[in-house]
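Alright, here's a single protein chain in two forms, structure 1 and structure 2, each given by itself as structure tokens.
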Structure 1
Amino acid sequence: MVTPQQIGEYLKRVPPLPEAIGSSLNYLAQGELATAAKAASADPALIHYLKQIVNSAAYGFKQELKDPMQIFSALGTQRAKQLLYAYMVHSVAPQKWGYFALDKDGFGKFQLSFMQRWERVVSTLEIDEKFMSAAAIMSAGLIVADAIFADRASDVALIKGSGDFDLDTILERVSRLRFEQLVATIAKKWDVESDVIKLVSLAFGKEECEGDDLCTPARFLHLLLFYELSRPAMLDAGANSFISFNPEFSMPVLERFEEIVGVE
């Protein structure tokens, strides 16, 4: 069993927001794109990451975006914020994972696909764009869980051998934490807005959701995460049971989800 002190050590592997990103996020919250871009430019690794992402086929900009002001102007406030959080997740992801059969490139492709499809959902349903950041941070718990599972491989194997348990249940058995708790802890550390954290927590589908404006987005996010984790790369990596799929939670939006996201 992982002790609370050890959990604290695992979470220390997730750093607080660097000054450049924290400042950039603050300026974005004020709608000051130019100042946010200038603040972000103090971190060369961040700018390199943003250039790679925005100039990829996934974003489809007609001209290459070369400097921070061009990048932030093209993205807009909320998409820029999403990618700043995505960079934080990217920066703490290991080159070679300890438990899941993943590498940094494979995880990056999963994260980008997840974010792009979530953007499509947000746009189509006209959800407040501030919730774009939800997809960027939701996978952060997988990184911490990987470290816990790798260090407790014998305990994990013993639990898996005793029944058909999903990863969330195994994580709780070895650490007394659920994935949504890990993600929420990381999100708070990165000053993510409280209602975005609430959406992420609801999207794990662990509690009934009625009468809350976030219920519908949470159902879509739950379905989308399960969809992305069910793709071949994540199945092969052994990460597909990151969450337990809750069909009753998802059913009210299933048909609309298929229209928006499509089924491959």
Structure 2
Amino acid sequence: MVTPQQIGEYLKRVPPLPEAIGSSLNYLAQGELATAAKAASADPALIHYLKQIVNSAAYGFKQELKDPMQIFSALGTQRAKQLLYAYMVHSVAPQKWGYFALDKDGFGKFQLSFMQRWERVVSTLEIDEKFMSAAAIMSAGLIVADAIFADRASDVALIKGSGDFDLDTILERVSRLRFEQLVATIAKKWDVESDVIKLVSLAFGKEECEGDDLCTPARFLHLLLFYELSRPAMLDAGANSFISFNPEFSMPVLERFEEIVGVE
């Protein structure tokens, strides 16, 4: 159905960080917002994306933010970093989705909602802000899944008809690879910090992580992903069965999650 070689070819096609974004991220790591904004200015598409996002109702800034310096200052280091990665993910999203019934706009809404709720979790739990980028990175999983299964949608539908298979299980059984590994490969290509990659990998909920410092954030992120994938638009897009939800993995943080996210 799909071979590791075919997946390897796909991963090779994922572009590395463009120079402007790479430099901007480097400056952000040093806390130099102004220089980071200046570096980002070299990529007009990125600036256009950032303007659209930060001036949306979701961010609720009172004044329209027009120039890169304003945008970066308003966002702060970690949120800016998060949006740079979100842009990278956004830029590799297909124009026409083949497996999920999504478009750029629909995916953008999902990604934004996922990132914003994750921000709330990170700030409420006082998790190190560097992990704010985790949701943006994790959302790349849907793009990878779409790229792998777009041409095989009818075969997948037939297989899914014979059992409650998620795409990750199908992928693992045919290629011995899992989405968490593929997302981690892409994240490494984009120089994402190793502990952020580790958090994202754990948040796929495949293995118990008790004892690991990142375990609690991983449980929250896993739960949050499925909160987002349970929204009508994502259900409609067929994204609810992207990976397997692990209720046991998330159970220890469920009550707290409900409080933070406001699930009633």
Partner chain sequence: MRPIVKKQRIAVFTPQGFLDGSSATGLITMQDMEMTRSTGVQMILVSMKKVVFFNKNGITILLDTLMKLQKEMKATIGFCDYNRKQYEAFFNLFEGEIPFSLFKTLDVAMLFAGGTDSKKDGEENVLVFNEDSTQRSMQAIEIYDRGYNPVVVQTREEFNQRAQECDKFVEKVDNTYLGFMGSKIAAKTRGNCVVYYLKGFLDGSVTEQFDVMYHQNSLKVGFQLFMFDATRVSSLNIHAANFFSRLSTAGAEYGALIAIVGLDMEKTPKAFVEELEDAGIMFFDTETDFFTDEIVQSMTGGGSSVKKERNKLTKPVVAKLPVFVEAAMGTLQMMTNMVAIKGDMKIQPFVAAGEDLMASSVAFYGDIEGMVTLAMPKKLVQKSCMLLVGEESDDDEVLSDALSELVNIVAGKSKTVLQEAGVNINITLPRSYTSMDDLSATLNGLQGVQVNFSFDQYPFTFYLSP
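By rigid core we mean the largest C-alpha set that fits within 1.5 Å across both forms. Structure 1's sequence is the ruler for residue numbers, which start at 1. As the structure is a computational prediction, the values presented were derived from the model and not from experiment.
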Chain form predicted in complex with the partner chain: structure number out of two: 2
Rigid-core frame, C-alpha of S175, shift of 2 angstroms or more between the two structures: yes
